[in-house]
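Listed next as structure tokens is one chain, alone, in the form predicted on its own.
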């Protein structure tokens, strides 16, 4: 049943204009940035080679593009998620979900996976575009694969968190504003406090930057899995309360 809900959510998002706009503009922006960086790299490549630098196209073209993709996902996924629960509540369609025999946890998990499926086309299209550069220049393929895995994990986490926030509000615009506020706070948290702070573990940048450097650390995986599962659980708890089960 979870996958049926996920496919239903994916079809709903795919039928909307927002999905296609995000996919088109996201791909356009990343392609433009990647080829602008590629042009700059081509100009300085002789100097890098003459100086014996170990920096290559992976460091100066591919990884900055994936960093831009991370920012696009931060902006785009909350836009898709704002209607997943808040939109259903505002339109009254949430009554259909709450009256169904499907459990609240299944609904929350299914909608999270549906959002993730909707984010995959942008992630995969950007990954294929950047991988295509390998036909003309040397790339670090293991590092590229590891970075794609990190971005996929990050996008899944972002879907769970955005869905959770959407379930806390009765209006999609309020859910979107709250999502942006929370994500901006987490993105800047490491610059607001030092590593010794108790809440530093919640900062996003220390968990996203390592995979751009070729590291997929166990503590980063633990962070995204634990907080993501917690967000989905909170979303299911919110649905259960609306059902009167709690």
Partner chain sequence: METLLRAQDISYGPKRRPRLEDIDLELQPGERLGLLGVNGAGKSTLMQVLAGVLAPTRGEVFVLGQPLRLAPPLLRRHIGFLPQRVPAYPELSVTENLNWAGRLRGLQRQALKTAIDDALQQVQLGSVAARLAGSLSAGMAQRLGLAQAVLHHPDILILDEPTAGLDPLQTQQIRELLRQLSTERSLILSTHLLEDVQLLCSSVILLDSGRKTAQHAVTSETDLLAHFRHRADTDGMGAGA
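Numbering follows the first chain given and starts at 1. Not measured: the values here are computed from a predicted model.
This protein has a second form, the form predicted in complex with its partner chain, left out of what is shown; the following refers to that one.
Taking the partner from elsewhere, no residue among 49, 138 and 143 has a non-hydrogen atom within 4.5 angstroms of its partner chain in the predicted bound form.
Although the partner is absent here, residue 171 lies well away from its partner chain in the predicted bound form, with no heavy atom inside 4.5 Å. Contact annotation for residue 125: none of its heavy atoms lies within 4.5 Å of its partner chain in the predicted bound form. For residue 98, a non-hydrogen atom is located within 4.5 Å of its partner chain in the predicted bound form, even though that partner is not displayed. Its partner chain is not drawn, but in the predicted bound form it has no heavy atom within 4.5 Å of residue 129. Checked against its partner chain in the predicted bound form, the candidates 149, 120, 102, 75 yield a single residue with a heavy atom inside 4.5 Å, and that residue is 102. Stretch 82-90 is the contacting one of 130-138, 82-90, 67-75, 157-165, since its residues have non-hydrogen atoms within 4.5 Å of its partner chain in the predicted bound form.
Along 221-243, these residues reach a heavy atom to within 4.5 Å of its partner chain in the predicted bound form: 242, 243.
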